[in-house]
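Single chain ahead, written as structure tokens, the form predicted on its own.
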């Protein structure tokens, strides 16, 4: 692994987005969340993935609108805001939406921001971990740009990989924040692309080819399958339902920018929800425990009784963050470093290889 300084990474990624027409502020926000993903070891949603998505569906193909203004729509509910993102860069929108949801939670106990006409915000775990670091319980889901997943027992992809992300403020209790974060497909498409880049095979029974047969060759993937059979399908469908209620259109044409689909919408939908822990406190914890003491006692009980070698969700990401902290930078493979070098060259940024050390 190679250690890339955060400042160097963020400068390259910011300039890469600016070179594609985005303004400085949204480019800086995009770089921040790419860095957050890399810091936590999330290779499927780092800058390589982010700029690949932008190349396929971003400003060039007419998917995103650099510098677009978010329109806050009327809402009769004080704790809920409805946004028309106007196809603004996804990481910028998500960053602001989660921040606004936290502000609403401070006032009302819970805050919700639902977003129409959006673009994929990459790693949802980053936003909920950031909120958990600030003391909130946070949740987000979104529909993804393409329909890449087949319904349970299906053969044709008609739903997205559709992630769910939860963050709980437990860092002061157990040393890290519990973060439940997943795509509802058995494997993320970003992981498929990563394995394809690195010449590796897929795990068994997570993707199908064009004939509906399972394949382990990333180059033959026609569709992904949901984890947990009907259970993962149900969770994926939940995202589509949130999107449908918010204004999202047909999943099979979503992201098909440049094609002729009159009277249909091509963007994704996002949902952000933040709950202040005080809003859940009923004030009657067993044994006279405080809320924090009670949460810790519950977590200890779950990993007790012979379960001490089990992990909580978020623990691996926290371990990766600790490794990044120890290394003093972002950990990238040789292939990822070369991709970063290409970004720098395309953006006119000097790429200082001497600043990159081996871990």
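Owing to the predicted nature of the structure, the values given are computational and were not obtained by experimental measurement. Numbering follows the first chain given and starts at 1. Heads up, when I say rigid core I mean the largest set of C-alphas that superpose within 1.5 Å between the two forms.
Here the subject shifts to the form predicted together with another copy of the chain, a form of this protein not shown in this document.
Distance check, residue 301 to another copy of the chain in the predicted bound form, heavy atom within 4.5 Å
Residue-level check for residue 301: yes, a contact with another copy of the chain.
Any of the heavy atoms of residue 39 lying within 4.5 Å of another copy of the chain in the predicted bound form?
Residue-level check for residue 39: no, no contact with another copy of the chain.
How about residue 198: is it within 4.5 Å of another copy of the chain in the predicted bound form, going by heavy atoms?
Judged by the heavy-atom cut-off of 4.5 Å, residue 198 is well away from another copy of the chain in the predicted bound form.
Would residue 98 show up as a contact with another copy of the chain in the predicted bound form if we use heavy atoms at 4.5 Å?
No, residue 98 stays farther than 4.5 Å from another copy of the chain in the predicted bound form.
May I ask whether 92, 134 and 206 all come within 4.5 angstroms of another copy of the chain in the predicted bound form, judged by heavy atoms?
No: none of 92, 134 and 206 comes within 4.5 Å of another copy of the chain in the predicted bound form.
Counting non-hydrogen atoms within 4.5 angstroms of another copy of the chain in the predicted bound form, say which of 189, 105, 122, 221 makes the cut.
Contact residue from the list: 105.
Stretch in contact in the predicted bound form with another copy of the chain, which is absent here, among 189-197, 122-130, 240-248, 213-221 (heavy atoms within 4.5 Å):
It is the stretch 240-248.
Partner contacts for 166-180, taking another copy of the chain in the predicted bound form and a 4.5 Å heavy atom cut-off
Residues within 4.5 Å: 166, 168, 169, 170, 178, 180.
Quick check on residue 277: with the core superposed, does its CA move 2 angstroms or more between the shown form and the other one?
Residue 277 C-alpha, core-superposed: shift of less than 2 Å.
Core fit, then residue 80 C-alpha moves 2 Å or more between the shown form and the other one
Where the cores coincide, residue 80 shows only a C-alpha shift between the shown form and the other one that is less than 2 Å.
Residue 206 C-alpha relocation of at least 2 Å between the shown form and the other one, rigid core basis
Yes, residue 206 moves 2 Å or more.
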